[in-house]
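This document opens with one chain alone, in structure tokens, the form predicted alone.
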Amino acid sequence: MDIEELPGVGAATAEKLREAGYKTVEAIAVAHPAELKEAAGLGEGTAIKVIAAARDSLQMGFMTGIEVLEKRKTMRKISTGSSALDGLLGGGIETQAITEFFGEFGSGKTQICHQLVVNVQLPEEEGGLGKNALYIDTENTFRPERVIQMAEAKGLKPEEALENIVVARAYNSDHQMLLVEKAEEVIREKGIGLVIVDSLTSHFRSDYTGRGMLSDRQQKLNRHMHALQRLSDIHNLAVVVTNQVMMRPDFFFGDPTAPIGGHVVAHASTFRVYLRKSKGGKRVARLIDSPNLPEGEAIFTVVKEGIKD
């Protein structure tokens, strides 16, 4: 169904919606009236009517447990390259979900991201999806040279592997949010099966400093996480975000670090994995939060060929 077929949407309104990034009935159905009002210049009443019509046309709403199970059957998994880490995650990185890796500098977050943009291109029987990747780079950490090493180790042609990765550099938090909101077109055109945001919170931290701006920061971060969740649901793709940690000076026992973003990021992430360095170049991954998997740990290494047991 085209958006022009929705009641109350003429050619001019459809054009405004498309320019604002709402190119499908699904995108309109999951939008908020305030978003359409702001993005497409619609009146509030019109925005509410258009969203309601989109939802009716898709028969959105209640599902039985069996229908949810059927939707879950379309979920796929991407291997991390380490069988121990895959086991911790119940078989790999899930589509229809957000997986968050957090830890200190050098704990392996970006290495895992590089490995995943290669592995997603592998056929399903080899732990991939046979699809391409979108890499939103906020800290200038994407390295094509690293992708070449990992692709060669997996038997892929390096130039083809790089051609299948779409990289977008985000320069501030607003730009980062805009890239995710405009990602729909790239996802369709390029057959994207994985979206990476490395790192999720660095721009939000630098753009919103001090307690007075904390509320604004959390609201925007919340909106950003929901936009990512929407992409993963609608397009059955995997979303992986990396996050930094901060020191808690009031913490006296155990690990004094905590991921940035507070409850907003914690609740929006489906899986949360804490990474830390160990002896002999090893890394330890701890599953902190998951809707259906037990907490646990896995040990993996980062070598020239990529992520390994």
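The first residue of the sequence shown is number 1, and the count goes up from there. For clarity, every value in this text was computed on a predicted model and none was experimentally measured.
Another form exists, predicted in complex with a small molecule; not displayed. Remarks below refer to it.
Peer 1: I need to confirm a contact call. Of 57, 270, 46, 244, which residue comes within 4.5 Å of the small molecule in the predicted complex, counting heavy atoms only?
Peer 2: If I apply the 4.5 Å criterion carefully, the residue I get is 244.
Peer 1: Considering non-hydrogen atoms and a 4.5 Å limit, which listed residue (130, 106, 144, 87) is close to the small molecule in the predicted complex?
Peer 2: Looking at the other structure, the residue within range turns out to be 106.
Peer 1: Can you tell me whether residue 159 touches the small molecule? I mean in the predicted complex, with a 4.5 angstroms heavy atom cut-off.
Peer 2: Close contact is absent here: in the predicted complex, residue 159 is far from the small molecule, nothing within 4.5 Å, heavy atoms only.
Peer 1: Under a 4.5 Å heavy atom criterion, is residue 303 part of the interface with the small molecule in the predicted complex?
Peer 2: Answer yes; at least one heavy atom of residue 303 falls within 4.5 Å of the small molecule in the predicted complex.
Peer 1: Does the small molecule come within 4.5 Å of any heavy atom of residue 139 in the predicted complex?
Peer 2: Because a heavy atom of residue 139 falls inside 4.5 Å of the small molecule in the predicted complex, the answer is yes.
Peer 1: For residue 149, is any heavy atom within 4.5 Å of the small molecule in the predicted complex, or not?
Peer 2: Heavy-atom contact with the small molecule at 4.5 Å: present for residue 149.
Peer 1: Taking 4.5 angstroms as the heavy atom distance cut-off, pick the stretch from 73-81, 97-105, 180-188, 115-123 that is near the small molecule in the predicted complex.
Peer 2: Within 4.5 Å of the partner lies stretch 97-105.
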